[in-house]
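Below you will find one chain, with nothing else, as structure tokens; this is the form predicted on its own, and questions on how it binds or moves follow later.
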Amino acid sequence: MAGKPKLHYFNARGRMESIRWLLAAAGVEFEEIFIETPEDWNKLRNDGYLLFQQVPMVEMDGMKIVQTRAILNYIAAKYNLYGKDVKERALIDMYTEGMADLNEMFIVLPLCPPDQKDAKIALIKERTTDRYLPVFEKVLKSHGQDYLVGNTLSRADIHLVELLYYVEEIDPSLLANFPLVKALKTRISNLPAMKKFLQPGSQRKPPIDEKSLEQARKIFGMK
């Protein structure tokens, strides 16, 4: 029997968080090996496992997989969260790529200079309500089903709900005009595997704070 997947990253959300969410949704237990010092980071790079000198890196099924989307694609395919055929997969890819664009805005927000943060948050709010959430509300309305694609749970649903939690951290009122999206969030959050992951004490990470950000800067030599 294969061991638990091992996730190599620092102890924060960043680009690993969507991987944590997807594994949790699939009901897969995983271990985390945190990069805590520059020495940890240098060792991981010098071992030659990071093809592009970047994390996330996930060890599973005898592989050391890098690049966030490659990791997510593998997990989704392995655990039947990627549609039943190529057409459904195309829809899932379209939706998740759009979500990734918005998610990127959340990922880089903590790195934003203080004098630019308000403007960045305003832009996130605008894009959320004018560009991204209308798409998913329209999709759900168009077919009247419980999930975005094929009336079955897919990575698209998981990634969207993760994103909705981030949106609510900024401003819960942003979901007010999207009742079907809100209902999807409730539905996914109540699935047993997700309910467990959303409980305090799980491997889900909180918003990054200044202490964690400073640690990351030291580990990765960021200025």
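Nothing here was measured: the structure is a model prediction, and the numbers come from that model. Residue indices: 1-based, along the sequence shown.
The protein also exists as the form predicted in complex with a small molecule; that form is not presented, and the subsequent description refers to it.
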{"item": "Partner proximity in the predicted complex: residue 15 to the small molecule, non-hydrogen atom cutoff 4.5 Å", "value": "yes"}
{"item": "4.5 Å heavy atom contact, residue 41 to the small molecule in the predicted complex", "value": "yes"}
{"item": "Exercise: residue 55 in contact with the small molecule in the predicted complex, heavy atom 4.5 Å", "value": "yes"}
{"item": "4.5 angstroms heavy atom contact with the small molecule in the predicted complex for residue 21", "value": "no"}
{"item": "Triple contact flag 10, 68 and 220 to the small molecule in the predicted complex, non-hydrogen atom at 4.5 angstroms", "value": "yes"}
{"item": "Location of the small molecule contact in the predicted complex, chosen stretch of 47-55, 194-202, 153-161, 181-189 [non-hydrogen atom, 4.5 Å]", "value": "47-55"}
